[in-house]
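Before any questions on binding or motion, here is one chain by itself as structure tokens, the form predicted alone.
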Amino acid sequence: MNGTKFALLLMLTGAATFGAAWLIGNAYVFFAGYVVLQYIALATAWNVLGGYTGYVNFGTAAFFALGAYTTVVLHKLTALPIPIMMLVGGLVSGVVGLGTGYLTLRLRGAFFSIATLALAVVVQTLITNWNFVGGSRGAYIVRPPTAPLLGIDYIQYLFLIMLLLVVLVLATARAIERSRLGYGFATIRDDEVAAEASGVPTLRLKLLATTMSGAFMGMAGAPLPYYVTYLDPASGFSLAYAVNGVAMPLVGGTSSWLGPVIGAILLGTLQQVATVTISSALNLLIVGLMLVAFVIVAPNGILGLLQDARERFRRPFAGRSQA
């Protein structure tokens, strides 16, 4: 299936998803669905750098929050449509990702991961002390009751926007996998020293990966102020974004665009069910238990587990054909 057909399939799936949520007729479906879609975009964005290139990024919350606080700034300065705010938030986070990559991508392994964690701390400290965006006391955003032009409920509008972002992010991730860029990322992940010796422009590719990953994270975070209506550093830089952004691709599998989707739907749905039935305090506990279980049972995630099962199923038939 070529890229155009895949994008059309994603759009049809997105339209069916929105239609199904509309037919259910429960407003909470759109509230919960927005969160799951947000995690799909966030997990896929993390996987561009962490899965395809092999550089584990612990600064997910920083890029996500930069997109959210970009919206707060634009909301205070001028009235722009949310899609435009998402593009600006993606641009800001992408530029920060490029700068971060330039400064840290000569580091490898755990040193790079620690550097991205330090980035999150620095950005959170700056936001906490920036009074224009509310500082430590936070900022309120007045959410309109209905969406402009469309006339639908604003939460449904946010759900639709996030759905379109997911289509864009997934189409881009799949295109990367099947391109020379994806092969270049894979060489860095498998053996960066050998890739450099073979003439692969590793630094350029890593900078591109950090920029794309950061931009998509920023776009995923940009609608957040309108969703929560109150944003403070504790919620914008929540540990849930950092943990889920890493855990969801690992649970689903980092070898393909489909892995982060599976992990985000599984963990995101479990967390929403736990929030409604028990308490939101269990969300990170669920993620931690699932992550430990998959590291032990299926270190390559659900996709790796399915691939191993398929190989075991084919092995007896392959032996018979050779005989």
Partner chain sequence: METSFDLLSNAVVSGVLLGGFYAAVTIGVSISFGMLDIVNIAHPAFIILGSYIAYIANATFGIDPILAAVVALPAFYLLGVAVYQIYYLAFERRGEEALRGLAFFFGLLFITEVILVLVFGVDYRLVEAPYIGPTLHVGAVDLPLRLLVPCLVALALVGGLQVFLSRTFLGRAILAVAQDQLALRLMAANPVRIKRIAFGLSIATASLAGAVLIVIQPVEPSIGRDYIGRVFAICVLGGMGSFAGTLVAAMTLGIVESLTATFYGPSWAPAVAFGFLLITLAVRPAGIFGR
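Positions refer to the first chain, counted from 1. Owing to the predicted nature of the structure, the values given are computational and were not obtained by experimental measurement. In this text, rigid core is short for the largest set of C-alphas that superpose within 1.5 Å between two forms.
Note that the form predicted in complex with its partner chain isn't included here; everything after this is about it.
- Contact between residue 67 and its partner chain in the predicted bound form is not found at the 4.5 Å heavy atom cutoff.
- Though the partner is left out of this view, residue 194 does not reach within 4.5 Å of its partner chain in the predicted bound form, counting heavy atoms only.
- In the predicted bound form, its partner chain sits within 4.5 Å of a heavy atom of residue 129.
- By the criterion of a heavy atom within 4.5 Å, residue 108 is counted among the residues contacting its partner chain in the predicted bound form.
- Checked against its partner chain in the predicted bound form, the residues 179, 146, 125, 229 give one hit for a heavy atom within 4.5 Å, which is 125.
- Among the residues 77, 150, 84, 239, the one placing a heavy atom within 4.5 Å of its partner chain in the predicted bound form is 239.
- Of the candidate stretches 280-288, 261-269, 36-44, 22-30, only 280-288 has residues with heavy atoms within 4.5 Å of its partner chain in the predicted bound form.
- Contact here is defined as any heavy atom lying within 4.5 Å of its partner chain in the predicted bound form, and by that definition each of 104, 118 and 299 is a contact residue.
- Looking at 45-63, the residues that come within 4.5 Å of its partner chain in the predicted bound form, counting any heavy atom, are 46, 50, 54, 56, 58.
- Here residue 279 counts as shifted, since its C-alpha moves by at least 2 Å between this form and the one not shown after the core is aligned.
- Core-superposed comparison between this form and the one not shown: the CA of residue 27 stays below a 2 Å shift.
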